[in-house]
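Here you'll find one protein chain in two forms, each presented separately as structure tokens under the names structure 1 and structure 2.
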Structure 1
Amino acid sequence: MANLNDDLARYLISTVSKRSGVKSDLVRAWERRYQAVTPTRTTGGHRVYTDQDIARLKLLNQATNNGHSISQIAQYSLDELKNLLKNEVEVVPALLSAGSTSDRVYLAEDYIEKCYAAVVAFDAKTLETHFENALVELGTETFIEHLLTPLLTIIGDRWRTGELRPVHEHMTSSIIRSLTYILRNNNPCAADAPRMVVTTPIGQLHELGALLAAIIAELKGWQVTYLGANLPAEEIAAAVKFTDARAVTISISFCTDDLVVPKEIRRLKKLIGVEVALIVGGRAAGHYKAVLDEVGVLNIQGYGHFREILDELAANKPAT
């Protein structure tokens, strides 16, 4: 007797990701950590999913975007997920969202302690697991703003006091880079989305600040070209020209005693002109306040301020 399941359509994860709106890495994380879906495998070992799996992932994605923890809803049936979302439409969704934001901030603080303990123990696998779990429970913006950024600040401070070695920071940075695909915006940019180039100036080799800024800008609907680290002003300006970018965001993580950074900032602003906004952030940006004020750049005071700048620029309003 033939197995009825043989008649079901089967899809590879690339198709599932496109149809459900959930990135492939996140599908795997939900599958591995919470058994949200249970794919079968082909004889070649590839995961294959059904239409029901795609439907579940769509609903789970919507529910987590509304602030629900994946760990709490991963085992819900399709009907339970539909009812959950239906009730939220009918009952004050804004109130649910506000409460969940506060809960996620507190949860992020707990994750900071666990993640730092894994860093100290030099346990890359545990740290990666904590990051994956935190990402699906907190959402991208809370994950970046209330977990990653404070954690990286702690690691940097402890490295400077000798409590951690440079290798601890390198391990952490490597794991964060491996999560970039999950962190990037799921939604395609609008055809007329404003464009931005993100990088670090020459001599600034630490790129995580720039990478996180690029992700935040993408989440705000910008089309971002991320260039990595350590680029001279002429190359950054060339990228602006090639992409017709409206803004450039650079990250400055370390201050030096030389004049390279001030020289590069002046040069970059001259090359891109007054029509292109120059946005500067990073832990060491304040060290260069004099030159930032001199050339009229937009100095990021925090994630909230950065989002305000992006909104103002997108609306063609002067940012202050």
Structure 2
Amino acid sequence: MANLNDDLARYLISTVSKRSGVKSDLVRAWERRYQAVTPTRTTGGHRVYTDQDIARLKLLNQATNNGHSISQIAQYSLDELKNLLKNEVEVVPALLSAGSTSDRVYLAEDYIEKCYAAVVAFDAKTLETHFENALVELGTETFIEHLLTPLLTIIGDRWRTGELRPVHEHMTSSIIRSLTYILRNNNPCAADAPRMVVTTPIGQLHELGALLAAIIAELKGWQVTYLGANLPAEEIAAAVKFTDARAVTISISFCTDDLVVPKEIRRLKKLIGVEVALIVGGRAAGHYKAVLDEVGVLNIQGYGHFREILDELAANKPAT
């Protein structure tokens, strides 16, 4: 259980004592004599501890019970303490610690494999667990950039070659949609942030691309209204009106032979007007290049490009 609230938790010494199993007096003695923990203080002078401190004291307690001298190990880091204990008895299940950025990118690749395996195995629970762990270990940024983006690209590819079925995609979308909650929570956005609607046009049932776009935009500080897949132009336009959005992003990942998509795009642009930017992305967007150019659409070439467009749009004041 890696806690995200290390900097949030605020305990007084009695709680710490109960949780760590080290008596209050001893906690103070360890601090006084060896700076084993260095709690902050209230204005009145009471010690204030974090979850880290508790974890630390727990480990120190175990180590001393195992015969180690407190004066020798008091200043060890959490990791050192864990190692210390691991080698003796399998007292504590060890947790990995995060490293440098490059380490994390490497780690992400590891996660991609695991996650993809879970997708293939259709194991939603495992997939979600991997995502959660990755999120903690990699941080939101790296998670999106080096895990989610490549993973979804792979899934898209394999889906086209028939290695994966549509259900795989549905299942994955489902998990990621519920993850949105954490992602959003990590990045509260300002009230005056620019607003955007994200969806897919009618006939386009694959939402992974749109989902990713929504997440990226949210991380970039946009207020995103995500509407899922398969919406007719009028509905999208209505959402734009309702939210007073400055941009609409739609994802097109599948070429249909009929003329639905071009028609929808023309209608949508007409309905939302020139004030609102229309961004189109997705694997199959290139297929409709003619319409896109004609109508005046921002055609995304990859997620890096999408980010650039977002920055530009955010920089420009609303043209009103």
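Residue 1 is the first residue of structure 1, and the numbers go on in sequence order from there. In this text, the rigid core denotes the largest set of C-alpha atoms whose superposition between the two forms falls within 1.5 Å. Quantities reported herein were computed from a predicted structural model and do not represent experimental measurements.
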- Query: Given the two isolated forms of this chain, which one is the form predicted alone?
  - Reply: 1
- Query: Taking the rigid core as reference, does the Cα of Lys114 move 2 Å or more between structure 1 and structure 2?
  - Reply: yes
- Has the Cα of His146 moved 2 Å or more between structure 1 and structure 2, judged after a core fit? yes
- Message: Aligned on the rigid core, do the two forms place the Cα of Asp293 2 Å or more apart, comparing between structure 1 and structure 2?
- Response: no
- Ile176: how far does its C-alpha move between structure 1 and structure 2, core aligned, in angstrom? 3.9
- Message: If the core is used for the superposition, what shift in Å does the C-alpha of Ser20 show between structure 1 and structure 2?
- Response: 20.4
